[in-house]
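Okay, so here's just one chain, in structure tokens, the form predicted alone.
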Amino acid sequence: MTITDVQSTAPNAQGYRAFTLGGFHFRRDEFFVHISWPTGKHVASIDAFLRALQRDVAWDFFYGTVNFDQVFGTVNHYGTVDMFAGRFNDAYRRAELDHTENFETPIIRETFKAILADWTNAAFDPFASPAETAKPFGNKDGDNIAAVTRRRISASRMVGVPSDEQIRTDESGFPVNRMFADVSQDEPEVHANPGFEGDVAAFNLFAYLSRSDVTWNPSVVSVCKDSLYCPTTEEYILPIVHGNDRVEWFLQLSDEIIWDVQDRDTGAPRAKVTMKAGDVAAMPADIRHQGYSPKRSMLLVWENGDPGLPERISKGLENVYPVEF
């Protein structure tokens, strides 16, 4: 499937196309996205919607649930994706307004990419901090294909080793972000014994992250079997509410993030977690979370990429907590 196969209409009075996927219909005006489905409808700010949509596309629907807000979102089944409205909202379920449809991943991926391409104006970057981009409101005014099609950086072994040298080349072309002007750019010296030059490497993670031009977009900097180190820089609000299907470990590398933690299925509050530099927290596999970063900060997300984890957790074969006390 390609973007040209996506079901869409001619542009409306504001210049934007409307899109249909299954029983879901999407249209935007100057300020809002309007989503409808057979049993209901929903309105959200186009700003928040595009930021969430950008992450869902870039992460290829991520681990578990991506809640765009308290009503709409997706659940990744790693080959297919559920698109839902009201599924994790008690009021919608009680009123029987909730709706879920399952799609092959390429179909929903191309539809979301087409919406991003058409609805993102030239001056708006949904990956950037609000302080670093123009607003997305108003009539259609060009596009920003370069921004919405950024490639998510993912190492096959580790940044700095010969097989991932291109990542360092790409990263060095970005200037140090305004919030990280005080971060040292010194690189470690590596003295490998003869014959081990391709096996021993090191890099300055803080310098690497200081050049990130995106927010809330984890890049994979090291891979060891199913162990993935995915650091990221955070500013303002995480545009989605992430519902876990496995445990995530967070290591706060700098500054501060405040996390709202809720029950994954009901949205009932579970905790308020304030993480400062050096703090470590584990997000259980049965929660949803959203972060607030008052100043651009650095966060290391440690993921277990084992594809069999969600099924084992759902069957009770794995604990939703990393440690039982």
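In this text the structure is predicted, and so the values were computed from the model without any measurement. From 1 onward, residues are counted along the sequence shown.
The form predicted in complex with ligand PHB exists for this protein as well; it is not shown, and the discussion that follows is about that form.
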Indicate whether V301 is a 4.5 Å heavy atom neighbour of ligand PHB in the model of the complex.
-> yes
Mark W59 yes when one of its heavy atoms lies within 4.5 Å of a heavy atom of ligand PHB in the model of the complex, and no otherwise.
-> yes
W216, heavy atom within 4.5 angstroms of ligand PHB in the model of the complex | yes
Do L253 and ligand PHB come within 4.5 Å of each other in the model of the complex, heavy atoms counted?
-> no
Would ligand PHB be touched by all three of F49, E110 and D118 in the model of the complex, meaning a heavy atom each within 4.5 Å?
-> no
H289, R27, R296, H42: which sits within 4.5 Å of ligand PHB in the model of the complex by any heavy atom?
-> H289
Work out which of A114, V220, V148, L238 lies within 4.5 Å of ligand PHB in the model of the complex, going by heavy atoms.
-> L238
Based on heavy atom distances of at most 4.5 Å to ligand PHB in the model of the complex, which listed stretch, 242-250, 94-102, 173-181, 221-229, is the contact stretch?
-> 242-250
